[in-house]
Ligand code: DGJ
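One chain comes next, on its own, written out as C-alpha cells in the form predicted alone.
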C-alpha cells in the first residue's frame, strides 16, 4: 500500500497490492478529476486519461465553453448548479435559496493510519497497515469545504472513502444531498449487479445490462432493507466468478441509502453511493460539520470471486471488532421457532437439558419474556421480566442453564414501542409521528424516536438492568418494521429532514454504548430477518441474522447473495425444523446442517420434539462445526456453481489462507435419473501442492484438481448434500 503525489503531473496515486487509484488536478482553478481505478500501475502519471488535451479543453484554455467542460470532465466529487448536468454528489441550498456549488482543491494531507468517523461505523487501521489521503476542496463563494478521505490497507485491494462537509461561511446552508463516494469512468458495455429481495428472500443476485440514464438501488425505509442492499457492482459482459473486471461499491450505513450508475451522452459512467437524498435535509450552521458514512470501493481483475474475497478480508480485518472478531462463536439453540410465545421456565430448561447433552453451547430466549408479551400485539418497551412466565426470575433461569454448562442469551427489540404498553401510555410523544396524523402501524407497533438522547438513555438503562441481573452473554437485537410518518417533536420545522439520519446515529450511539459497557457480550443484529444486514451493523456486531427463512434450499440463494459482499462468519444461519416454517419444504437434517455450516451455525427448533433419527445427528453436526469452523470463518471463499443459475445444484468452497486445506460443500437440489457423476473443478488451491480428497486414495496436484476436477456421484433423492474435505498431502 502507498499514497503519493507527483507535483509535476498533478496526480495523486493510491496503490494497493494489485490496484491503483489515480486522481488528477487540472487547470489553474485546480479541478479534481478521477483519472483511473484498476489494475496496479507502475508509472505514476495517468492524468492523460482526463482528456484535457482535447475539446472542450479546460476553462483556462477555452473559457467560452466552460459548461461543456463541466458537463464531460470526470469529476472526483461532482457538484450541481454550475453546469455539470449529470448526477451530483452534493447539493447545497444557501440562505438565498440558490443551489450552486463548485469545489476545487485547496489543500491535501497524506498520513499513516486512519481517523475514526464521529458517530459512524467505519473501517479502521493502524499506522503500520493503513495509509490515508485527505483532499480539502472548497467553494470560496459559500465558504463550504468538502474533505474527501481515502484509505488503503496492507494486503487488501480496497479503497475506503468518506466526505466531511464544513461550513466556514457566515450563514447557514441546507445540505440536501451528500454522497460518500463517486467515480467517473468510461463505459465498457458493463453489466450491473444489485441484490434485491423481500422478507424471507433477501439478497438475491440480479444481473442486468447497464443502460443509458440513471439506474439505482435504494431504500427509503429508515433501514438498509430487505428489498435492496447498499451495494452495486459494474462488470464486464464476460466477467464471471473467476475472470473479468469488476467494480464493487458498498456503503457502510444502516439507514436510507442509494447506490447508482449514471450512463451519459459520451458513454461515460458516474458511479456513486451515499445517504438517499429523498427526504433528507441537514441544516449546517456556520462552524458546523457534517460527516458522511463511509463507502468501500473494490476493483477486481479476477471476477466476482476476487471482489468478494477483498470485501471479506477488509471486513474481517478492519471493520468487525471485539473478542469475537477472530474467535469461534458458541453453537446456540434459539426457542423462537420451537415455541414462539408459548414458553415458560420449565419448557426452556427442558430444551436446555436436552441440548446440552448433545453438545449445544448456548440457549437463547427469544421474544415473549417481558411485560404482558403473550403475543406480538403488545408490551414492546416494557423491558421488565414477566415472572409469571419466567418463574423464579431471570437469574434463576440463567443460573440453571449455566449449571448445564451452557451460556445464556436473550432477545430485545429496543427501537420499538407497542401502543398497548405501559411505556406508550406514559410517553406517547416518544413515538415517531406527525402532529395531527394517526401514525401507521406495522406488526401492531410504532418506532421510538431514537434521535433523542433521553429516549436512547432510557432504553439503554432498561436493557443494561436486565443484562446486569444475570449472566447473559449474548443479545439478539431485533427491529421488525420500517420507519414511516416521519416527525419528531424534538426537531424544529427546518430540521425535520434530519430525522432519518439522526435516528441511525442514535442507533449507533446506543449499540456502541452497549458493547463498550459489556465488552464480552456477543451481539447479533437482526431486523425482521435480514432487513438490516449491512456493513454498518457489522461494526457493532460480528454477526447478523441472515434471514427469517431458514429453509436450507432457499438459504442457498440468500447466502450466495450475502457472501458476494460479506464474510461467511457474519451470516447468522441455523438448522431449523421441518416442514420448514417459511416454505413448508422438508429437507434432510444432514443437508440443513451442511448449509448452516456456511455461517454462524446453530439450531432453531424444539430439540425435545424432533425425531430420534434427527436428534442423533446433532452430536455429529456439533463435531463437524468444531472441526471446520476456523476454516469457514477465516478461509477464502470460492463460488464453484450456483443453484440460482443452473437450477439443479449448488457448490462453494473455502480455502485456508496458506492453501493447506479446503472444504467443499455440494448440494444436489434435484436428483436426476440415469446420469453419471458430476465433474467439479476446484478453485483456490496451490497448483504445485499435492492434496488428498475425501474418498480418494491417491493424492493429486492442485493443478489437476482445479483443471481436471473431481467427480461427485449422483445422490438418491432431492435436497441431498455432501461435504468434501481437501487436505495437503
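On a predicted model such as this, the values are computed, not experimentally measured, just so you know. Residue numbers count along the first chain shown, from 1.
Missing here is the form predicted together with the ligand; even so, the following discussion is about that form.
One residue of 169, 248, 593, 529 in contact with the ligand, assessed in the predicted bound form (non-hydrogen atom, 4.5 angstroms): Here the answer is residue option 529.
Contacting member of 84, 548, 262, 577, with respect to the ligand in the predicted bound form [4.5 Å, heavy atom]: When the ligand is considered in the predicted bound form, the option within 4.5 Å is 548.
Considering non-hydrogen atoms and a 4.5 Å limit, does the ligand approach residue 498 in the predicted bound form? Answer no; every heavy atom of residue 498 is more than 4.5 Å from the ligand in the predicted bound form.
Check residue 312 for me: does it contact the ligand in the predicted bound form (non-hydrogen atoms, 4.5 angstroms)? No, residue 312 sits far enough from the ligand in the predicted bound form that none of its heavy atoms falls within 4.5 Å.
Mark residue 480 yes when one of its heavy atoms lies within 4.5 Å of a heavy atom of the ligand in the predicted bound form, and no otherwise. Residue 480: yes, in contact with the ligand in the predicted bound form.
Non-hydrogen atom contact residue 367 with the ligand in the predicted bound form at 4.5 angstroms: Within the cut-off, so yes.
If contact means any heavy atom within 4.5 Å, which of 176-184, 212-220, 359-367, 301-309 contacts the ligand in the predicted bound form? Within 4.5 Å of the partner lies stretch 359-367.
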